[in-house]
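Have a look below at one chain only, the form predicted alone, in structure tokens format.
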């Protein structure tokens, strides 16, 4: 019955999209764009209105937080882009929703991104940026907004919680290998979504190569509450970077690396005597591939990750996904994604070894339709299996209507 409710929501969203007048939204777009000083200053306000519906089996998968099996998750996102001449650019992103990740909590407003970028040369060889912005690691972040993402959920490396607990060190190896014993939100994935941490970055393009490097106040696995500089300072910074290679128009290849402490300040009293937060790092090595040919697009990312865990040692995991999108018509598209995460063994505190996480795989399939340049709808089904005492499969059905203005 609740699956039908989600699908019914999708039909309502589809009707709303058709009722929208494209010419009216074009006029809104023009009204929200301001220029001055002979077009040397240009400011544009734009946004996304997302209406999402989820149906899933408990416990809720990934970074979804809900006590029921169904969730309605509306979201309003605003983007401000300001161009000052040809060398200075500023941007900001704010959201009104029920939490950074889908949840059944109350409404809240946040400033997720804000940054200033300076480009000294017109050829783009060098840019420097400061503020609060998405990580340069990998290739999914470039398309993580709902209009560009061909699916509804994020890939597994960005939303599958592990046994890493950033506010308290495990008291023993035995306790660590027991897995999740606290509320799910207390734990961390390999990369928390687009990782809007605060810091400074440089980027540019030199021939067939492009590069990006950043120093931020929090690790890739850090939670949204730690991304603001006012919440977490720069006592324990994380350095990340990506080197890309574009041999031609079809291919985009890249390698990424990130290294930095992952514990929050409140974990310090729980660390072994003589050790501090700076002694325990998250190390991420990544490889990404992008391919485009006619109506087909393919992406893949592979992450080898090591957490240095107190009283345990090195906890390693490997996470990856393969994703493809195909445009059947200019408006109708389909997408597939295969995700998997594997966990290594660590000492179990009893003289042996045990996996520190449960291996998991997930298959995502979605279809989408763009009614106009401003409205689209997506439907997704996901099948998930995680190694555990129970061999049951997890199912998720989701629908998302997006209005772009």
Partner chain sequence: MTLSLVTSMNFPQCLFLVSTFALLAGVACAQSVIEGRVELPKARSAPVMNKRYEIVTKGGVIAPSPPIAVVYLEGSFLKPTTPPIAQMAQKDLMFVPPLLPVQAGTKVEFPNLDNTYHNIFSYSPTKRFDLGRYRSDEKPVPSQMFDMPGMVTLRCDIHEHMRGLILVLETPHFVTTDTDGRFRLSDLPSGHYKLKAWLSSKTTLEIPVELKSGSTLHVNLP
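Numbering follows the first chain given and starts at 1. Just so we're clear, the structure is a prediction, and the values are computed from it rather than from any experiment.
Just so it is clear, the following notes concern the form predicted in complex with its partner chain, a form of the same protein that is not shown.
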Heavy atom within 4.5 Å of its partner chain in the predicted bound form - the one residue of 264, 205, 175, 110 that qualifies: 205
306, 327, 223, 168 - the one with a heavy atom within 4.5 Å of its partner chain in the predicted bound form: 327
Candidate spot 287, 362 and 366, all three touching its partner chain in the predicted bound form (heavy atom, 4.5 Å): no
Among 102 to 110, 229 to 237, 84 to 92, 310 to 318, the region lying within 4.5 Å of its partner chain in the predicted bound form by heavy atom distance: 84 to 92
Heavy atom of residue 158 within 4.5 Å of its partner chain in the predicted bound form: no
Close approach of residue 295 to its partner chain in the predicted bound form, 4.5 Å, heavy atom: yes
Any non-hydrogen atom of residue 97 within 4.5 angstroms of its partner chain in the predicted bound form: no
Exercise: residue 50 in contact with its partner chain in the predicted bound form, heavy atom 4.5 Å: no
Partner contacts for 128 to 157, taking its partner chain in the predicted bound form and a 4.5 Å heavy atom cut-off: 134, 136, 141, 142, 144, 145
